[in-house]
Structure formats: structure tokens, C-alpha cells
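Single chain ahead, by itself, as C-alpha cells, in the form predicted alone.
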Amino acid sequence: MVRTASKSSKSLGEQAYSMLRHEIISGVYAPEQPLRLAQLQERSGIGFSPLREALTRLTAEGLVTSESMRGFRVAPLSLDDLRDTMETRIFVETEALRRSIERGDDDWEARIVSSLHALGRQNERSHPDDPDSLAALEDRHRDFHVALISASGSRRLEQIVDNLYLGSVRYRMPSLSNLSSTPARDLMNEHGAIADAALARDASRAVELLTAHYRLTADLLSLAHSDRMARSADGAGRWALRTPPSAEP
């Protein structure tokens, strides 16, 4: 009986974690919005203990903040944080990429090729008005970048990369639905060039291309979010994201 209860609690904790992580990343909750346990329980039907466990995990990942007497809140967003996140990704992922190019075998090469193909197919299917297809596109995008550094030989390094991804994707997701308003950019050509350099074992070229790819992303996201803040309803420069389901009419 004790084992069953523990397993059930763990399952609910994972469920709460996945739900909240997805909603924070996709912008359902505004930055710095309180995450009150009572409201989360009412909306999700999950108990306080699994929810608290999930929020604690998200705090460790930097998606949630926790303060004494104030409880949990969605982590803030800022242009400075966006730049810092992307530059840190460059610093960490270029090292992981160099190691993968040096150590990668046939399976690593196959993973890059297959993930690039999947990204291209999903890119063809995605539409700015279809949130599910955009979420799938982001998943394929992440798979490709994970494939690039998957032969680094360092689990710790890959965990750091994953945490940095979580920080950067919060800035990407709100902009995916505004693809028609962003400057023309051939993302598949950028990713293809990075893959070609990696598969050719040209570490210098691959690092150069990955760095340029992330810095261009940072530039475009900065423009998009600056525009979003300027057009926000209250005019106070806050991030105009969607309200959580419990607050919708």
C-alpha cells in the first residue's frame, strides 16, 4: 500500500510538472504572475503536495521564483535576460558541439540527419494559426539542436544545455504565432548549414554558424518583444502574453 501511494504521488507530481512547465513556456501565465496552490488545485484537480513538488522543480530550472511570504511566481522576462540566456547558450553549446564533432560516431551522424529531416517536414506543415503545429515545430527544433551535441560525452553539460533551452524557449514561443511579421529568414538553410559543417567534422565552421544562428535569433526576438511591450494594453512595457485558462471568460 505504501509503495502504491508513493508511485501515485510521483505520477501526479510528474503530471503537475509537465502541465505547469508547458503552460509557463508557452506563455499561458504572464511573467511574475503568482502561482497560488489553491487556484492551481482547483483548475487541475491535483493536490497541494504534487503541485508544490512541481513548482519546486520549476524553481530549480529557473522558470519559477519562490520568495518567503510571497509564494511562487512565474520567473520574470527581460531583454537583458534574453541576451544573457542566448550568449550563455552559445558559450555552452559551442563547447558541447566541438566535443560531439570530435567524439561522434555513425549513430550521432544519423541522429543529426534524421532530426533535420523531421524539422524540415514539420516546418512545411506548421501554420501560425495552429498552436499544436507550432508546438510540434518547436519540439522538432529542440530535437535537432539536442542531436548536434548528443555525443559530447558529458551528461552534466547536456543538462546545462537543456536548462538553458527552457530559458530561451519562453521568449521563442510567443513569437512563433507572429511568423508573418518577422523579417524573412531561411531557418532550414541555417540549420542545414550547421548540420553540414558538423557532419564534415569542421568544428570551426560549425561553431561559427551556430553562434551566428543564435545571435540572429536573439536580435529578432529582441525586436519582436520590444514591439510587443510597446503595444501592450497598459502601456507600461509589460509582456503581453495570454491569460491562464482560469481567468478567461
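Since the model is a prediction, treat every value here as computed from it, not as a measurement. Heads up: residue numbers just count along the shown sequence, starting at 1.
Below, we refer to the form predicted together with the DNA, which is not included among the displayed structures.
- Checked against the DNA in the predicted complex, the candidates G192, G62, G47, P31 yield a single residue with a heavy atom inside 4.5 Å, and that residue is G47.
- This chain appears without its partner; in the predicted complex, the one residue of L221, L35, A206, L58 with a heavy atom within 4.5 Å of the DNA is L35.
- Stretch-level contact check against the DNA in the predicted complex with heavy atoms at 4.5 Å: of 62-70, 210-218, 196-204, 22-30, the positive one is 62-70.
- The closest heavy atom approach of S226 to the DNA in the predicted complex falls outside 4.5 Å.
- Among heavy atoms of S11, some come within 4.5 Å of the DNA in the predicted complex.
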